[in-house]
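Just one chain follows, in the form predicted alone, and it is written as structure tokens.
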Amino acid sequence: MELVTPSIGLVFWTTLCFGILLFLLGKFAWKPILASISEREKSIESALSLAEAAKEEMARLTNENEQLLKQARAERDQILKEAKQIKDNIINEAKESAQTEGSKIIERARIEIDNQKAIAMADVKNQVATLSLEIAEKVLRKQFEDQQKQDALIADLLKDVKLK
């Protein structure tokens, strides 16, 4: 039983060693250990706050990126809309220009047709005048010969000439 129950001397020396160890640890080790633990707590808190700040910054940047993306899409849509309007304006101007040119060409063709028609009518009038003179000349020559022949000739000539 002696092994299980310690003697008074052993208890005294163990208590004394423990007290000295506790005093030495309290004097030299506890402060640096507690300071180290406190510093570690502060660094962990600092790292956590930095992580939280980084998380908030990341959320802010993500939100900012989404807004920039929305703006870019809106600008793209605006540019496409303006390009479509410009295209439509160019097409409309080209159509109007083509119609104006077509109208001018048609008007020039009408004027040319009218001019050609006037020239043709003048030519026909000249031919009719020449023909009339020839008929008058023939009538006058025949008039001196025989009145019945002259009437028959005029009738024949009038049958041959048709005015439109």
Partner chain sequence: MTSGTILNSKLFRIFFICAFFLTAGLFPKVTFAAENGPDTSKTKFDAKAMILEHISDSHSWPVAFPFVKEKFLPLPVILYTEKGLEVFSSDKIQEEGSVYAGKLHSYKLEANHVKVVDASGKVDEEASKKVWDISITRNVISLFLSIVILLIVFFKVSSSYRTREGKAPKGLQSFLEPLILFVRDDIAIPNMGHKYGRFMPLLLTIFFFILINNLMGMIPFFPGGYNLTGNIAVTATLSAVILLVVNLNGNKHYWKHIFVPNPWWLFFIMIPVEVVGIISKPVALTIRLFANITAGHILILSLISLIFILNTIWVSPVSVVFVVFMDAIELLVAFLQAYLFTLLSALFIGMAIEEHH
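Numbering follows the first chain given and starts at 1. Just so you know, these numbers come straight off a predicted model, no measurement behind them. Rigid core (definition): largest C-alpha set, two forms, superposition within 1.5 Å.
Not on display, but discussed next: the form predicted in complex with its partner chain.
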| property | result |
| --- | --- |
| In the predicted complex, A152 touching its partner chain (heavy atom, 4.5 Å) | no |
| M121 within 4.5 Å of its partner chain in the predicted complex, heavy atoms | no |
| Partner proximity in the predicted complex: Q147 to its partner chain, non-hydrogen atom cutoff 4.5 Å | no |
| Its partner chain contact at L158 in the predicted complex, heavy atom, 4.5 Å | no |
| Sole residue of E107, E64, E45, E39 within 4.5 Å of its partner chain in the predicted complex, by heavy atom | E39 |
| Candidate stretches 92-100, 112-120, 25-33, 45-53, one within 4.5 Å of its partner chain in the predicted complex by heavy atom | 25-33 |
| Yes/no, V11 Cα shift of 2 Å or more between the shown form and the other one with rigid core fixed | yes |
| Core fit, then L21 C-alpha moves 2 Å or more between the shown form and the other one | yes |
